[in-house]
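Encoded as structure tokens, the following chain is the form predicted on its own, with no partner shown.
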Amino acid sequence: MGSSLWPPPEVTMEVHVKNRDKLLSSLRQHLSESSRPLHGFVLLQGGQEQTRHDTDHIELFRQESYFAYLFGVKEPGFYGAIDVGTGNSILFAPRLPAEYAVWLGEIQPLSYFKEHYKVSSTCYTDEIASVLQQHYHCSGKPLLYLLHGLNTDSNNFSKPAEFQGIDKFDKDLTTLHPILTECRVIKSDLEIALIQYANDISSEAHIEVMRKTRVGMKEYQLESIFLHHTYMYGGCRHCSYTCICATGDNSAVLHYGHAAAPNDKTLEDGDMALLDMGAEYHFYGSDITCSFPINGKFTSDQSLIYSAVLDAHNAVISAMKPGVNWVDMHILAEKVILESLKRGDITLGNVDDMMTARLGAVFMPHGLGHLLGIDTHDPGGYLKGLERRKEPGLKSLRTVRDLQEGMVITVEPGCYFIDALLLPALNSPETSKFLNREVIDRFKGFGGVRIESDVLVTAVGCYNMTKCPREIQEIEAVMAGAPWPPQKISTHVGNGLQS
């Protein structure tokens, strides 16, 4: 199968010009409101190539995300500056040795980077101190706004730029990070187009995997089909994250697919697959999960759990709009799932009482979703002053914000049968009364179901950017060879055609 998306769209650096303009506007507004002068330089250091441990094997480079956001540079070893006073942008390229041309290709002149990356000027990295001094026209030491702040998803701090001669500058380590992070939260139309393309090619690849899944294959073969399709037809050399290709009981392992659990189980008849895979195109990513039966036909138990999750997924998307709080969406998803489980006799009693006892977190321990963009878990989930909830399930939320137009956020409810959570719940007087032990035993080894779509918040609601089959009958039809999207049936009416 080819692809209707071939060839991949050309990337315009205009997206990064607009990102720089957005940051400059936000930073200047902040400085004006703080009665601070509008001068100094934003300075970011791009990523460096890394070797594998102590060898000379160079790992495939991917740019640091904040630097990618502002400058779009794919090569390692760069720095970038923005003059707060003039708005001019300066790229600093590494000065490459002559032998680079022998082993790695043509050494591009500075003029190439200026034109290609649409910046005001280009210099070499060994000139950073002198060039910034020359561009500074005020008294005293020039001021550098450096990137330093906490990523609330990883609990790692961004690394401020370092260069020879930095001691000749004043440094501000607190102003830039929250402003630049907030710029990344609301996506421009150009950013949305890149995320949509990553969704389109990834959705197409998920469908290709569904069609080729057979009993007896290995999980990594499903991963390979996905990677091949997104690279061969989508030009996506990078994935947004390590692929999760979980089947059977592995689908209850939330971050399956890592080096200790490397997508290597044999696909068995009667098992469910949970495939969480997303391609990245020009830094912008996608994050999509599809769940389906290996043999292409849902059993009644599989239908019960899948429908519970799909109903939650659809209820959240129907309720999403600007001003809606994300914690409320998570709680809505939990409630819909628990109501479905009660209808299936998996849970017993009053659903509101189950919610009070936080029973939903036993079946869905992760958060409902996260911001998406240049990073799979895009930053900005916790503004200053926003506290992480402490309750089970809610403490795993990657944001507790109110939705805003222009946010892209994943909606990924799930329902899992995880022994490490079910056994304590069955032994606890607070939760055991809600659990039908006999029916739960039937689901031992079932694994889990997750359905994940990437959703853009619009002015009046939201738009689902992911284009995968979701209804049970759609999945079964696609796995049996039916076209996707479904073809409209035309019938003759009088002298014309009616679709």
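All residue numbers are counted from 1 along the displayed sequence. None of the values given here were measured: they were computed from a predicted structure.
The discussion below concerns the form predicted together with a further copy of the same chain, not included here.
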For the chain seen here without its partner, which of 320-328, 401-409, 223-231, 342-350 has a heavy atom within 4.5 Å of a further copy of the same chain in the predicted bound form?
-> 223-231
Please pick, from 306, 256, 417, 79, the one residue with any non-hydrogen atom lying within 4.5 angstroms of a further copy of the same chain in the predicted bound form.
-> 256
Interface check vs a further copy of the same chain in the predicted bound form: of 311, 301, 153, 172, the one with a heavy atom inside 4.5 Å is 153
Can we say 32, 163 and 176 each have a non-hydrogen atom within 4.5 Å of a further copy of the same chain in the predicted bound form?
-> no
Indicate whether a further copy of the same chain has at least one heavy atom within 4.5 Å of a heavy atom of residue 474 in the predicted bound form.
-> no
Classify residue 217 as contacting or not contacting a further copy of the same chain in the predicted bound form by the rule of any non-hydrogen atom within 4.5 angstroms, answering yes or no.
-> yes
Contact between residue 138 and a further copy of the same chain in the predicted bound form at 4.5 Å, heavy atoms?
-> no
Close approach of residue 458 to a further copy of the same chain in the predicted bound form, 4.5 Å, heavy atom | no
Partner contacts for 92-112, taking a further copy of the same chain in the predicted bound form and a 4.5 Å heavy atom cut-off = 100, 101, 102, 103, 104, 105
